[in-house]
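One chain is shown next in structure tokens, namely the form predicted alone.
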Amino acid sequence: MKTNKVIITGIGSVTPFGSGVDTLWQNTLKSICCSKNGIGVVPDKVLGESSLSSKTMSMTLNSIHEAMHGAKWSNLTEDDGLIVATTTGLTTLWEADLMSYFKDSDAKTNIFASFKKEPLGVFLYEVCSALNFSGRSLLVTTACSASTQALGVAAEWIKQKKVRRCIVVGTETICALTQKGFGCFNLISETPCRPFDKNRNGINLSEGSACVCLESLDTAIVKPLASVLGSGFSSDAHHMTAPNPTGQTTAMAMNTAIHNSGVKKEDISWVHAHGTGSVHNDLAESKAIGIVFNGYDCPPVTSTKFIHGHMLGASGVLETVLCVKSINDSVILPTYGLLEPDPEISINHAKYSSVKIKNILKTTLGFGGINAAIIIGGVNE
């Protein structure tokens, strides 16, 4: 069935570097790492004075407004769509009171009032309310793959004319529960992460928000920045925190995305990998890439998490923003922090280069074995 081409017309971000995509991009080109002791935090001064209920909401709406401004969307209508991706939601609004209550249940805390913010759906409700939005909405919480899946779903909504335009926003806020959880697995590196490196020793957590505006060529009033050509999802059914070491099921998501996009493998210019810097992720993902491009020249492969850290459920859309910038600036980014490639990882490690990018395979792996991939294309492809 012939469907409309889905294009990206606006992008926005808030990261530990500050507010705005240009700030993120300039720090990326300068090879600057946002993490301090393994954690990347958005300074309060970045968001300024705000009457919003939380840092989470401030970051979310800042990135949405930047993306909408770029797309020249003055408002949202009931014909539009909104997909929010997160794993933490509004956790910072209730976790402290919950811990106090556990320590002393007789203590006077705000547990019963604050715990009303615990359901992840409350975050979606607050975003819709802040935007005065009454159209089709969805909350995606599929671990680190959440916003990559959200992009795939949004593109399908537009192709099938279920919505006219769609916002995809991913937001994560550093909270104690997240840090303790990853700490229990000994996954957090206190030094900048080094994806695919022989001496890598873990991930860097970070917080922030990223947003893209998606629509068809029929509705766009600005020049398209890029396109979302296809998506693919799969599940490992292997382990709650470790990917399938064979890479087979991750490769399934990648191959599905390529098939659905109609793009030939030889026309993929670049693979923007999940590349967390953990031992298990990097090995499994590299094997998956090898399976996908077996018999083809492997495109250059990059992870950018040394720069911006791992923003969990928001990482897919954040890295898509970087892919969009790369397409428009004709730049392939290297894997920053990679000093000594792991000899067990057989991929084509990208070097910084100025080249016209046709299509990008963007991959994401999430806890629970949730895999997602999308194909991002140039506007003239």
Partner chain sequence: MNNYILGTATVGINDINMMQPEFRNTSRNMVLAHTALGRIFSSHDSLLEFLKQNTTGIFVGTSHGELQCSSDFLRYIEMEGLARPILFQNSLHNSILGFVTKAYGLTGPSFTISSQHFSGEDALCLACDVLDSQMIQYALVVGVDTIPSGIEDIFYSTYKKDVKLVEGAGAVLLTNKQNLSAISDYIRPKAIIRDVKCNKTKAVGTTENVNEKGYYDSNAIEKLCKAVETNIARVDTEKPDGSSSVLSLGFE
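Not measured: the values here are computed from a predicted model. Residue numbers count along the first chain shown, from 1.
Below, we turn to the form predicted together with the partner chain, even though it does not appear here.
For the chain shown alone, residue 307 is not a contact residue for the partner chain in the predicted bound form, no non-hydrogen atom being within 4.5 angstroms.
Residue contact with the partner chain in the predicted bound form: residue 156 places a heavy atom within 4.5 Å of it. The partner chain is not shown here, but in the predicted bound form it comes within 4.5 Å of a heavy atom of residue 367. The partner chain in the predicted bound form is approached by residue 237, whose closest heavy atom lies within 4.5 angstroms of it. Contact here is defined as any heavy atom lying within 4.5 Å of the partner chain in the predicted bound form, and by that definition not a single one of 19, 25 and 196 is a contact residue. In summary, among the residues 140, 174, 169, 127, the only one with a non-hydrogen atom within 4.5 Å of the partner chain in the predicted bound form is 140. 249 is the sole member of 249, 255, 269, 92 with a non-hydrogen atom within 4.5 Å of the partner chain in the predicted bound form. Per the 4.5 Å heavy atom criterion, the partner chain in the predicted bound form is contacted by stretch 175-183, the sole one of 298-306, 219-227, 175-183, 271-279.
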